[in-house]
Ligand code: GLA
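Only one chain is included here, represented as structure tokens and corresponding to the form predicted alone.
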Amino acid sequence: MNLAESVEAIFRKKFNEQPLLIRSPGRVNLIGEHTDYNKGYVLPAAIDKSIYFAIAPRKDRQCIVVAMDMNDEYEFSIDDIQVTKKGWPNYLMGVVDQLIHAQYMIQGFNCVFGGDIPIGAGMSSSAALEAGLAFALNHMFELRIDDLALVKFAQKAENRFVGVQCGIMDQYINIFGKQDNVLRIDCRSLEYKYYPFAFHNVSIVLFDTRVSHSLASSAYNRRREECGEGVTIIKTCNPEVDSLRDVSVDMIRKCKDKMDATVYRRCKYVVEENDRVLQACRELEKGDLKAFGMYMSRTHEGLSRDYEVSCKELDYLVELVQDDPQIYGSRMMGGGFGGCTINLIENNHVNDVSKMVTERYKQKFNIDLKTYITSISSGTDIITRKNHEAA
């Protein structure tokens, strides 16, 4: 029994009715790191690891949500939504809360969900919960909310109800993801463009350091402040500048003497990273994955040396694979100071590389590495009987 069937079976046993089935994917970000809050470019993709929802409307105002993987459930009224210390229900209640505040007419519902997106590995299980439920409620109650508005509701659920100040990328790719394509998102205009990524001989492999350094949160906030300081200085010479998205390398160089050396390096990284995303997209249009991977490697260098959000564990994982001709690119992914590296590896080489990296990492840090093998998939959608078997 696959995951979709398991979720459906639990729903039917508990509620004795046929549910609507929804698949909501996780995501990876191939290039474009720490650019989102600087109004720059990101290049994520939806992946084949997903959360599955079985959901049906009720005739009252109560909502019962069941977390299959945690063997847990929670009940709330849409007329009295309060943050709970239990944690996971907040991601779902936040979506309902946003729809109610926007004055959409919804009723209660029954829902069972479960999936295979690893929690805490940087594949955005939280956005899969939020955007997946937003999509399901939009369809089930015929709310006629357009896709971009769904994305914004899902993001606001995390910002305002859960209390995590995430950018828009994770919810955006969840709804707009497309099979065999990556999505370049302009975080200033929210415009997007698809680029082909139909390299079926290559797997996207994440090596999870299984470390999370305590300075991650404060350091992240400090990076945002440093970027803001840089913009303020550059703006004195270039009044048209609103964010680092508006800045060229030449502008930064001309203002270098006015900046703290650290602020200069932070701004330099972001401006160069935006350019790398654009260059990498051009390589995808040409079908040149080797050249694309080169830009990924340069991103890691920038994140490690200029933006200083890497750590010894991440750097070591990248170092282990950087000269392997069957590995097209490798870099740290996400906020940094732990988490995963993302690697593009030829399918027939994945097992050997994974074994080597796991053994060497264990010897170096005495930590058991986790490996996740995934591929690019489509965004959130309804599971029909026709595609049920593929779920």
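Take the two forms, find the largest set of C-alpha atoms that superpose within 1.5 Å, and that set is the rigid core. Residue numbers run from 1 along the displayed sequence. This structure is a prediction, so every number in the text was calculated from the model and none was measured.
Omitted here: the form predicted together with the ligand. The next part is about that form.
Q: Since exactly one of M169, I145, C111, M259 fits, which has a heavy atom within 4.5 Å of the ligand in the predicted bound form?
A: Flagged contact: M169.
Q: Give me the residue from Y74, Y316, F141, Y220 that has a heavy atom within 4.5 Å of the ligand in the predicted bound form.
A: Contact residue from the list: Y220.
Q: With the partner left out here, check for me: in the predicted bound form, does some heavy atom of P57 sit within 4.5 Å of the ligand?
A: It does not: once the ligand is placed as it appears in the predicted bound form, P57 has no heavy atom within 4.5 Å of it.
Q: Hey, in the predicted bound form, is Y37 touching the ligand, heavy atoms inside 4.5 Å?
A: Taking the distances in the predicted bound form, the answer for Y37 is yes, it comes within 4.5 Å of the ligand.
Q: Determine whether any heavy atom of G334 comes within 4.5 Å of a heavy atom of the ligand in the predicted bound form, and answer yes or no.
A: Answer yes; at least one heavy atom of G334 falls within 4.5 Å of the ligand in the predicted bound form.
Q: Please name which of the stretches 319-327, 353-361, 64-72, 28-36 has residues with heavy atoms lying within 4.5 Å of the ligand in the predicted bound form.
A: Residues of 28-36 come within 4.5 Å of the partner.
Q: Which residues within 240-264 place at least one heavy atom within 4.5 Å of the ligand in the predicted bound form?
A: Residues within 4.5 Å: none in this stretch.
Q: Taking the rigid core as the superposition reference, indicate whether the CA of Y41 shifts 2 angstroms or more between this form and the one not shown.
A: Comparing the forms between this form and the one not shown, which are aligned on their rigid core, Y41 does not shift its C-alpha by 2 Å or more.
Q: Superposed on the rigid core, does the Cα of F176 end up 2 angstroms or more away between this form and the one not shown?
A: No, because once the rigid core is superposed, the C-alpha of F176 moves less than 2 Å between this form and the one not shown.
Q: On a core-based superposition, does G32 travel 2 Å or more at its Cα between this form and the one not shown?
A: No; G32 is a residue whose C-alpha shifts by less than 2 Å between this form and the one not shown when the cores are overlaid.
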